[in-house]
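Only one chain is included here, represented as structure tokens and corresponding to the form predicted on its own.
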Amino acid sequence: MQTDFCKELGIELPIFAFTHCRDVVVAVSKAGGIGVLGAVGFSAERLKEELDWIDEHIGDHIYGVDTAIPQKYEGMDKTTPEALVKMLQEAIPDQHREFASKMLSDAGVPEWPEGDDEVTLSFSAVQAQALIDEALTRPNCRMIVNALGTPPDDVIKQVHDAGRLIGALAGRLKHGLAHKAAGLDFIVCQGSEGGGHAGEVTSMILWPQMVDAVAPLPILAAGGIGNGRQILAALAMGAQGVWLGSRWLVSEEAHAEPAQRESYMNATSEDTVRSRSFTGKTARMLKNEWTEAWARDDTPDPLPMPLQGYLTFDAVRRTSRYAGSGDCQKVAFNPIGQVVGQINEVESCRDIVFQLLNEYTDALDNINALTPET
């Protein structure tokens, strides 16, 4: 199961675990894959704390860091985080603030404690740069991933000069071609089934098209992978690895409140929706009253990125911390892919990796059995 890209990175398994939980990063890397820490929402100081902990616990294993530098966003001309935040906060209309606040209040979500008002979203070049700078100080951090578009040329050069690999997500063929032209080392090709930001084309169609279009650049298949059979399908289409995010959300190591875990485990594959209601860009998440409310004709339209993210930052952190309070899950941000219907029990990351391997082997045996012996 070790692909050429695995060999380049020095890992045993082509399993890339995207997660916002440092414990998942360590557990998957120790199990033979590689954990990739999603740093959107982290300040540079918070990222330092997380990476300090990872470095202390991961041993000789490697990991990656994922951030988000969109190609176009409100406030691109701002050169300092302080100026950007000030501009964005002032640009959010009062009606949007009032609408969001009322929904949280009606759902009985407790207020955030006073004295902790820092907003550290990193949906911008000026904010993400600080995260990349911190990540590149870590010898075991071997890859940087951009979740939104082709990274700027100076960032690509910075990562390459540091001897690391850099890649980016692509939900459309033209995005993958742009990544290749920019000199990236790999592409995370995400079909529309995937959680979070993704394109319109399904994985079954997009993966082989991307593999052919950008060859020999390595492709990591994302979107709709939750078991070993799906891993086999992705590798059969030419992918050099698989990028899993949703599969770890209810793992033992994941930092999720019981009510949020329950929402995931009770959901079917029909219970997700692609919505702009939390980030300003279309992202897949569990549908609830919040996603439905922002889609109505009689309510405010979601703001462009990163304005909507700054507006909903309070909702995201409150519904995460107080997931079991009141009717919190009716307005909570629960990003996840359509594989949510396959996730119905809490397991350790190590057990999940072993299960994926066993399912992959069984599926491969079944395929081989279809070939008559000569």
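The first residue of the sequence shown is number 1, and the count goes up from there. It should be emphasised that the depicted structure is a prediction, and the values quoted were computed from it without experimental measurement.
Another form exists, predicted together with a small molecule; not displayed. Remarks below refer to it.
At least one heavy atom of Gly194 is located within 4.5 Å of the small molecule in the model of the complex. Residue contact with the small molecule in the model of the complex: Ser251 places no heavy atom within 4.5 Å of it. For the chain shown alone, Ala147 is a contact residue for the small molecule in the model of the complex, at least one non-hydrogen atom being within 4.5 angstroms.
Residue contact with the small molecule in the model of the complex: Cys349 places no heavy atom within 4.5 Å of it. At a distance of at most 4.5 angstroms from the small molecule in the model of the complex, none of the three residues Ala44, Ala128 and Gly309 contributes a non-hydrogen atom. Residue heavy atoms within 4.5 Å of the small molecule in the model of the complex occur in exactly one stretch of 309 to 317, 336 to 344, 22 to 30, 48 to 56, and that stretch is 336 to 344. Site annotation in the model of the complex: the residue of Pro218, Gly245, Pro151, Gly280 reaching within 4.5 Å of the small molecule with a heavy atom is Gly245.
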